[in-house]
Ligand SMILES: Nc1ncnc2c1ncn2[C@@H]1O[C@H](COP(=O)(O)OP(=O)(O)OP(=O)(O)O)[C@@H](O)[C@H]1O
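A lone chain, given as structure tokens: the form predicted alone.
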Amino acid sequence: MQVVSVSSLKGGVGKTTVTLGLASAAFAKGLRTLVIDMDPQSDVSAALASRSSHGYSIDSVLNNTSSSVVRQAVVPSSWTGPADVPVHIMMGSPAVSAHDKPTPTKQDLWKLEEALATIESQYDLVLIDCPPSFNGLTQTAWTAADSVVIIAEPGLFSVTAVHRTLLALQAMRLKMSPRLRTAGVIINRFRPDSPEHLFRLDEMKQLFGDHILEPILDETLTLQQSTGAAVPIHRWPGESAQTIARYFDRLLVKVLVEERF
């Protein structure tokens, strides 16, 4: 099981949309996938149109990491039918914000790692949608992760946010998890007709070099439409959707340590 945290220390960059795109690529590849909704806004839970009949969520798991609680917090997504390799979701909850402390203890930080150890044989890939801050929830997700992929848009504040995220990752490797690697930076919502976006993209390539993952994701309504309909982009009709799906296929290969599969 490979665990990837999808992160940004700046909100509004389309982090959840990219999480869903990578999940769709994993679904198309036939990987047994679990999406964990660590963001108190719980957008990825809403996008996957899932509901827990037990009332369990990521908040429940961080309060009690027993295998019974973990299993009840995980539910099937709306994407998968009886013949499909499953995509599951560990449900989000606004209540998880209680765990987003600015100075979490080491015991707090290990909780998700402990929870995932109880189900690791069931999944090939775990994608964690993190909140846009470097408090307890993001640090907990990173402690459980093998790698972190950073989401950014081509703007001034995203440039500084990527820099802060890379520094935070370095600190986490020293503090908690030497195995944690930086999977790279995915640029989202790029407008090729915008001089500002072209300038910032060039700036980010100069500053972050090999961290920038290709292809760059253009701003498009197609992703919003498939997300709103709770359908993976790989099953959304149209040439635009097929192009975006191929982009996410390529990005998933770069994010993952591919020899594990």
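Model, not experiment: these values are computed from the prediction. The first residue of the sequence shown is number 1, and the count goes up from there.
The same protein also has a form predicted in complex with the ligand, omitted here; what follows describes it.
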| Is it true that G30, P86 and L251 each have at least one non-hydrogen atom within 4.5 Å of the ligand in the predicted bound form? | no
| task | Find the only residue in S77, Q139, S158, N188 having a heavy atom within 4.5 Å of the ligand in the predicted bound form. | result | N188
| Contact of N63 with the ligand in the predicted bound form (heavy atom, 4.5 Å) | no
| query | Applying a 4.5 Å heavy atom distance criterion, does G184 contact the ligand in the predicted bound form? | reply | no
| task | Answer for G12 alone: is it within 4.5 Å of the ligand in the predicted bound form, judged on heavy atom distances? | result | yes
| request: Evaluate L223 for contact with the ligand in the predicted bound form, applying a 4.5 angstroms cut-off between non-hydrogen atoms, and reply yes or no. | output: yes
| task | From the candidate stretches 36-44, 198-206, 54-62, 232-240, select the single one in contact with the ligand in the predicted bound form, where contact means a heavy atom within 4.5 Å. | result | 36-44
| Going by the ligand in the predicted bound form, which residues of 129-147 come within 4.5 Å of it through any heavy atom? | P132
